[in-house]
Every structure is written in C-alpha cells, then in structure tokens.
Ligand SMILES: Nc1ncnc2c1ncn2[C@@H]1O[C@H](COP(=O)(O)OP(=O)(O)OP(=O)(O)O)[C@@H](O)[C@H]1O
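Shown below, as structure tokens, is a lone chain in the form predicted on its own; questions about how it binds or moves come after it.
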Amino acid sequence: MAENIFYELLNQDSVFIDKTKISPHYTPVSLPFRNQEIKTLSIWLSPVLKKAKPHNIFIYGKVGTGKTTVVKHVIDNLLSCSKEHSLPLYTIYINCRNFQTKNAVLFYCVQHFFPNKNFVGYSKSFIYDKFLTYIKEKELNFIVVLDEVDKIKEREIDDLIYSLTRTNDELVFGSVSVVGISNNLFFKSKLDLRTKSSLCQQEAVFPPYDAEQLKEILKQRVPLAFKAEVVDVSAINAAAALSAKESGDARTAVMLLLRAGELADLNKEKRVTDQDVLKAKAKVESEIIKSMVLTLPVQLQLVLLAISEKSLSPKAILKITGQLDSNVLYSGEVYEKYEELCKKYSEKVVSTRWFREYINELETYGFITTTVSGKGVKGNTTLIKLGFDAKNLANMIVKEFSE
C-alpha cells in the first residue's frame, strides 16, 4: 500500500507557525486605528453598568472596516465588567444572514434563554411572550447584536426592530437594546416612521483603512502567524497597497498574505515575497467578490443580478454618429429586468428613486461604472457598465436565492 500522502504534508516545512492568526476570522487582542470607535461605542453602552437602558446603535461601513470585530470587542469588555460587579446583563450575537425573519430572531433568543427546552412548533405569540417574560423575571439588561441587519427580509425588518425596542414599554426593570451592523448606508432610510421614532438610536460610520494603516495591521499579524523573518517587507507593502487601492478592506490585505504564504508552502519556498502576493491576487479577488456579493442586502443583490443578466446579452447602443457602444446598458432596461426578478423571488419592487440610490451604491462598491448619456446618444439617461464577469456574478446571486 502506498504511503499515506498526509504524512508527507504533516512533515513538510511551512512558513506558518499559526495560520489562523492571518485568517479574516481571527479577532486580534488590540484593534489598531479603531480607538475612537471603541471609545464611542463604549460610552453609548455604558449606561447598562448603572442598570440603565443603553442606546440603540447602528454601525455602518464597507466590508473589512472592523465593524463586527469592534462590536464583539466592546461587548466582551462590557460583559467582563458586568460580571465583576454582578450586574444582570445578557447579550446575544446574531448574523441575520441565517435568521431573516422576526420570529427566527426571537426564537433564537428564547432558545438561548432556555437551552434545555425545545420550542419548535410553538406559535409566534408564545415565543414573544417567553422572550418578554424571561427578561422581566430576570430583570435583565438585554443587548442583541444584529449583524448584517439589512439581510432581514424587508417585510419583516420594521416589525422586528419595532417589537424589540417597544418591549421596553412593558419593563419596569431591565431593558432591551439593539446594536445593528450593516454594510448598507441607506438601511435606516428604508424603515418606516413608526420604527424610526421608537429607535432613538446612535449611529457610527466606519471609514475604510488607508495603505499605511493596512501595513500596520499586517505587521501586527505577521509575527503571530508566520515564522520569524520569512515575510519580506515588500510582501506586506504589496498586500497593503493592493487592498487600499481596491477598497481599504483589512480582510483583503489579510487574505492576500494568507494565500501568498500558502503559495510559498506549495512551491516549497522559504520566504513570502511580493511576487507571491501578486500571484495570490487573482484568487483573493474572486473570494472577496463572492464575499462582497453575499453580504449585499437583498435589494442590492437583485439590482446587481438584473445588471448581470442583462449584460450576458447586451444590446449595443447606437450613437447618432452611427457608432456602436457595446456592453453598456440603459438604466431603464435594467429597472424593467429588476422588476421581473422581484416578482420571480417574491420581493417588493422599490421606486425608481430608490433604484437610483442602489445604482449609486453598487458603483461605490466598484461593481459597476455609470455615466450620464451625453453627446451622440439620443435622450438623457444613465448608462451602466458591469465591472466583473457577468456570468459568474449571476450564478453566484442565483445560487444565494435558491438556498
């Protein structure tokens, strides 16, 4: 029998000492360049230490700007302090990608409150009553973190947030507070007036990192993840520069070094160089694009799917001069396709005003470029051009909707 291939891999020399420390999922002990955000968030949540209701908070920013990491860091510190002083604090973190309805979120909370009981099959009113009764009886200050809150179905989001925030009207002691995290700066604008008035929230926007900040973040991670002096300074600089140029995304910078290290191992090299980073770029770009697409709110995904599907068979635009401009779409035809997709996937169609906002946001993310039709094109409209492979994007989004 041939020798087990894993023995060879197990004994193979590696540039890593702990690959998890250069993973996008690793939470570092210190969070450089987010001190102000940490301080602000701590101040907003600190009333809970005096048995008062903390603020509701909404945090916005692009992927890879440290939103979730900062919130978890602050919540961990808050829990530690509350335990030392025997304060009744309970927190739950929920990624709304996996819990997209009001009942799913409340069910998850109740299951945490009563881990030894099975609530499958109980009515929505029973679940809500259990949720409220537990907080009342324990006199808890309860904080629920809703990550990717924009992933909650549009017809459910107002009801969920309104129910959570108005729970406080029924509490003499204890409180319920919401910390929402979103990549979508327009998220709160979609809430109805009743929900907005019940929130009384604080807001923070996390800016992207620049190249110098990304360098420092990588320098902090490298000694934890790699053997001493195997990563060239040029590799760190290349990963930081490429990430800053694309999006200011720390995840991209970290993943570039991770994949570069894996390439070095694969080729049995002793060092990680800028050339390894450049070779890793194509693979990481594909992973990052997928991550960005899957974290988009449902409506933005539908608009992007409409653009992708229309781009698979674009009609070239005929200019007055007789020239053809290929791979360019009229915003009107994209909106019509978007309406079809909303009907297909049972989603509400937004107005043309909101559609224009979504187009602007997709351009901000770098998925598309737009221009206003000018000289040589009949009429006055927005022209849209997709910046990525239409087939791959379409397949990615369709798969997300089918799961």
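Start at 1 with the first residue shown and count on from there. This one's a predicted model, so the numbers in the text were calculated from it and none came from an experiment.
Absent from the display: the form predicted in complex with the ligand. The rest refers to it.
Student: Here the chain is shown alone; which of Ala250, Ile143, Cys96, Val284 has a heavy atom within 4.5 Å of the ligand in the predicted complex?
Tutor: Result of the distance check: Ala250.
Student: Can you pick out, from Lys310, Arg221, Lys188, Lys215, the residue that has a heavy atom within 4.5 Å of the ligand in the predicted complex?
Tutor: Filtering the options by heavy-atom distance leaves Arg221.
Student: Please determine whether Trp354 contacts the ligand in the predicted complex, using a 4.5 Å cut-off between heavy atoms.
Tutor: Contact check for Trp354: no, nothing within 4.5 Å of the ligand in the predicted complex.
Student: Should Phe226 be counted as a contact of the ligand in the predicted complex, where contact means heavy atoms within 4.5 Å?
Tutor: Close contact is absent here: in the predicted complex, Phe226 is far from the ligand, nothing within 4.5 Å, heavy atoms only.
Student: Within a 4.5 Å heavy atom cut-off, is Val63 in contact with the ligand in the predicted complex?
Tutor: Val63: yes, in contact with the ligand in the predicted complex.
Student: According to a 4.5 angstroms non-hydrogen atom cut-off, is Lys337 in contact with the ligand in the predicted complex?
Tutor: Taking the distances in the predicted complex, the answer for Lys337 is no, it never comes within 4.5 Å of the ligand.
Student: Exactly one stretch in 342-350, 47-55, 360-368, 63-71 has heavy atoms within 4.5 Å of the ligand in the predicted complex; which is it?
Tutor: Comparing against the ligand in the predicted complex, the contact stretch is 63-71.
Student: Can you list, in sequence order, the residues from 132-159 that come within 4.5 Å of the ligand in the predicted complex, counting heavy atoms only?
Tutor: Stretch hits: a single one, Glu148.
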